[in-house]
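As a starting point, one isolated chain is supplied in structure tokens, in the form predicted on its own.
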Amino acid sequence: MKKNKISKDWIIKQHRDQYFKNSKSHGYRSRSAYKLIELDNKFKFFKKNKIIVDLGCYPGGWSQVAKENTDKSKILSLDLKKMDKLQGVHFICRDFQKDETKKEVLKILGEKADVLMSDMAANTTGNKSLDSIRTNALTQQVIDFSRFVLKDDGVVICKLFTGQDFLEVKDLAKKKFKKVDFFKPKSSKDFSKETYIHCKGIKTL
């Protein structure tokens, strides 16, 4: 009974959410599409003729925004959960953490990417501290992955959570990239600890 009440409360909140409503009316697959729009308005990383990789792309809201905001760009999206077909986007069902995936990504693209983006979060456990740690571990893996598939002047856009391990992620990013910024979009819910990291320019080690 309690579980049903929580589900109903969640549905009610979603329908009161302006970004949720807008995503439905504009045909976006997720409300998080607006987060990426705000991130691009802030950092200006979408341009024509770019090569873009979307990690953890399901259900495809970020891939939609990438397609809409670039011209003649190549977009490769990856997830363990199959994404419905999106015109102009190449999807592969893969685990980005596996070494063979790095090689496959480069083979498909034919060259390294200009933008690597990720809105991934670990599956929730109900323990906010644990969820934060697990998601930030994913962010660190995205940063490490980017060094294999990203051009020297490339950009990483990735979700992470403030709190535990935040400074560890920040320090890792600053070791790997020349420029590191953080930004919380207005479309991100006020109570959420999520923010986004913007990294640009791989450092030569």
Ligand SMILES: C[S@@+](CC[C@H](N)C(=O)[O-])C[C@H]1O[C@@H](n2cnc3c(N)ncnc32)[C@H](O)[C@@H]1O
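The first residue of the sequence shown is number 1, and the count goes up from there. What you see is a predicted model, and the numbers here were worked out from it, not measured in a lab.
What comes next is about the form predicted together with the named molecule, which does not appear here.
Taking I133, L109, A121, L86 one by one, only a single residue has any non-hydrogen atom within 4.5 Å of the named molecule in the predicted complex, and it is A121. In terms of contact with the named molecule in the predicted complex, the residue from F161, F177, Y58, F45 that brings a heavy atom within 4.5 Å is Y58. Using a 4.5 angstroms limit between non-hydrogen atoms, Q97 touches the named molecule in the predicted complex.
Residue contact with the named molecule in the predicted complex: L78 places a heavy atom within 4.5 Å of it. In the predicted complex, the named molecule stays beyond 4.5 Å of every heavy atom belonging to Q140. Under a 4.5 angstroms non-hydrogen atom cutoff, the named molecule in the predicted complex lacks N69 among its neighbouring residues.
Heavy atoms within 4.5 Å of the named molecule in the predicted complex map, among the stretches 27 to 35, 169 to 177, 45 to 53, 146 to 154, onto 27 to 35 alone.
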